[in-house]
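Below, in structure tokens: the form predicted alone, a single chain.
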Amino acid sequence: MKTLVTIDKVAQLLKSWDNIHILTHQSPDGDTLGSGYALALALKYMGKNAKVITCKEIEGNFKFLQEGAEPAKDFSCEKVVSVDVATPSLLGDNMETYENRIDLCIDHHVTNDIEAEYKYVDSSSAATGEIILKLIDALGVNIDKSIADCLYTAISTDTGCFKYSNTTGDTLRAAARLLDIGCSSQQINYTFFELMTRKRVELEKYIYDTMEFYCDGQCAVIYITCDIVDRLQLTDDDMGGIEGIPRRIEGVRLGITIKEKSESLCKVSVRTNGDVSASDFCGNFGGGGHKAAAGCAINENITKVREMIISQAKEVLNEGKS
């Protein structure tokens, strides 16, 4: 039976635990990784064994988050904590191993349905990184530059460098504190919000050439097929943040990105400007998230997924009503 707990209770639990695996979600973003590695560092500073578990090796722009967070030695897992994981399917290849072993879930998604012995979910936080900052304070651990870099990455990437509607005064106060500690904000902002690989430039050219519009321009849809990923030799770094492209266009209320993962699986990301609920939209397909940003996975080929998504978009945007 799951128990909802306070941040102080979470700290109390972690103080009493050791040999901890920290779960992150598949297709990892800055929030799940930044939160995971910040917590791992804090636990390490407390003399505990902790290891961040990812679906695959972390490379590219996020690799710096691992510095100093590696466990001091091999250990057998005794407790499992998930961070920024809203639903079991987001565990990806780790789902079979860990789905029924999660002792503590820490998240900020209102749609969280993880089954864990203890849960702390605060949907008012813009990022799980905000929660981890409060938790580390509750643990009594000094936040150094390494932890600050992890948390700033978590918070800044989940708020679009503080441009998204989920940004609150608390978000900015948390970021200001991390700046005062000395986090590498300038380098992090450049890396995640300005720097582009040549392959990213080619990808954006493809996106703008193939973007489709529906509902009198209120809905914009982009497609990332396996073919284009192979042709351009794209990495996760090259594709980071592309979900935000459709919603930037004037008149678009519903921006949709469909990523083909295989012949029978697509990942769908939805971004809105707030007047349409991205979470409700994705909820129709078993997914969820936040009002302005959500996602889902659909076990169909990309042609069928396109039909399903566009049909739902037309319904949501009231196209064709007399």
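Bear in mind the structure is a predicted one, so any value in this text is a computation, not a measurement. Position 1 is the first residue in the sequence shown; the rest follow in order.
There is also a form predicted in complex with a further copy of the same chain; it is not shown, and the following applies to it.
- None of I224, A175, I147, V81 but one reaches within 4.5 angstroms of a further copy of the same chain in the model of the complex through a heavy atom, and that residue is A175.
- Out of the listed residues I249, V110, M95, I228, I249 is the one that sits within 4.5 Å of a further copy of the same chain in the model of the complex by at least one heavy atom.
- The three marked residues, K15, Y37 and A72, fail to reach a further copy of the same chain in the model of the complex, with no heavy atom of any inside 4.5 Å.
- The partner is not drawn, yet in the model of the complex one stretch among 193-201, 229-237, 112-120, 86-94 has residues with heavy atoms inside 4.5 Å of a further copy of the same chain: 193-201.
- With a 4.5 Å cutoff on heavy atoms, A138 does not count as touching a further copy of the same chain in the model of the complex; it lies far away.
- A residue is said to contact a partner when one of its heavy atoms sits within 4.5 Å of a partner heavy atom; Q186 meets this definition for a further copy of the same chain in the model of the complex.
- Although the partner is absent from this view, C77 stays clear of a further copy of the same chain in the model of the complex, with no non-hydrogen atom inside 4.5 angstroms.
- Within this chain, S125 is remote from the site of a further copy of the same chain in the model of the complex, having no heavy atom within 4.5 Å.
- Contacts between stretch 63-89 and a further copy of the same chain, counted in the model of the complex as any heavy atom lying within 4.5 Å, involve no residue at all.
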